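Given as C-alpha cells, the chain that follows is alone and in the form predicted on its own.
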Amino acid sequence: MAISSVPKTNAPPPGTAGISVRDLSVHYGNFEALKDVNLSIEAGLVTALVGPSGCGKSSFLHSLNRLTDLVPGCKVKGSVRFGNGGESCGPGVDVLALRRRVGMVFQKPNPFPQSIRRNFEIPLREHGVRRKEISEVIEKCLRDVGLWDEVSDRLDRSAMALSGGQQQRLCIARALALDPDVILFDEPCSALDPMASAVVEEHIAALRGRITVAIVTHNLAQARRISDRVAVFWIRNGSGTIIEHGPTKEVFSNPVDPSSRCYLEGGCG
C-alpha cells in the first residue's frame, strides 16, 4: 500500500486519545529547553513536530509519557491531558500505566538483545498479559507491520540479526503490542536507508484512524507525506516554543510566521 493511498480523515475513531498540552515548560537544571508550549494533538491523526535541531522537539515528546522523569535535574511544569483522562504531569500518576497507554519508538532501533519472541514477552508480562494470549498478540502485531512473513520461522532467534529497517518495524510492533492510545516517534527513520524509511513511513501512516501519532522529524518531505497536522518549533528568547501549527497542507502552503516560512521554504534553520 502506497503512503499516498492511505486516506487522511478528520474523524477521530472512538476509543483513541487526543492530547491537550497547556503551558508546558521543561528545565534541565538552569536551562529552559521549552517555555509555555501549548498544543492540541487531535485523536486518530498524525501530527508532525518539525523545526531546527535544539529547539525542544524531543524534550516535548519525552515529556508526554514522562521519559523526562529519567533525566537527572529535569523539571516539567504545565498540563498534559490525554483524551478525557486526568492530568499526566505532577505527582500521583501511575507512570507504568501511562507508558502502556502512550508508546514510544526512538530514533535508533532499540530491540532487546534477545529473541524476537522475548522482545514481546518482556513488556507484555510486565503489564500483566496472560501467557496464553502472548503468541496471538505477537502474530497480530508482526502482521500489522508487515514482518510476520519475514520472521515467523525465526521467532526464537536474536532480534539483533534483523536489518535496521526490520528492527525498527519490530520496535513499532512491540509498541503496538500493549494496545496504546498514542505512539510517539522520535525521528524513527533517521538511521535508515531510503527504502527502509519508505516502509516504516507506510506503517506509520497506516496507524491513522486507529492510534494518535506524534512524530518528530527533520525530514520536511516526510512530514508533508504522512502527517495531517504539523507544529513548527523554534527558539525564542533562548527557549524552545511552538511558533505555528495547523493542518499540514495549510501550514506548508501558507505559513504565517516569518521564521516558520523561512524554515519550511528551506531558507533557514
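Note that residue numbering begins at 1 and tracks the sequence as displayed. The shown structure was predicted, so the numbers you read here are calculated from the model rather than taken from an experiment.
Just so it is clear, the following notes concern the form predicted together with a small molecule, a form of the same protein that is not shown.
Asks: Indicate whether residue 55 is a 4.5 Å heavy atom neighbour of the small molecule in the predicted complex.
Replies: Residue 55: contacts the small molecule in the predicted complex.
Asks: Is residue 45 close to the small molecule in the predicted complex, meaning a heavy atom pair under 4.5 Å apart or at it?
Replies: Close contact is absent here: in the predicted complex, residue 45 is far from the small molecule, nothing within 4.5 Å, heavy atoms only.
Asks: Using the partner position in the predicted complex, report whether residue 213 sits within 4.5 Å of the small molecule, counting heavy atoms only.
Replies: Residue-level check for residue 213: no, no contact with the small molecule.
Asks: In the predicted complex, is there a heavy atom of the small molecule that lies within 4.5 Å of any heavy atom of residue 241, even though the partner is absent here?
Replies: Contact check for residue 241: no, nothing within 4.5 Å of the small molecule in the predicted complex.
Asks: Can you say which of 221-229, 55-63, 199-207, 37-45 gets within 4.5 Å of the small molecule in the predicted complex, counting heavy atoms only?
Replies: That would be stretch 55-63.
Asks: Taking 112, 116 and 155 as a possible spot, do all three reach the small molecule in the predicted complex with a heavy atom inside 4.5 Å?
Replies: No: none of 112, 116 and 155 comes within 4.5 Å of the small molecule in the predicted complex.
Asks: Considering 122, 95, 71, 161, which brings a non-hydrogen atom within 4.5 Å of the small molecule in the predicted complex?
Replies: Contact residue from the list: 71.
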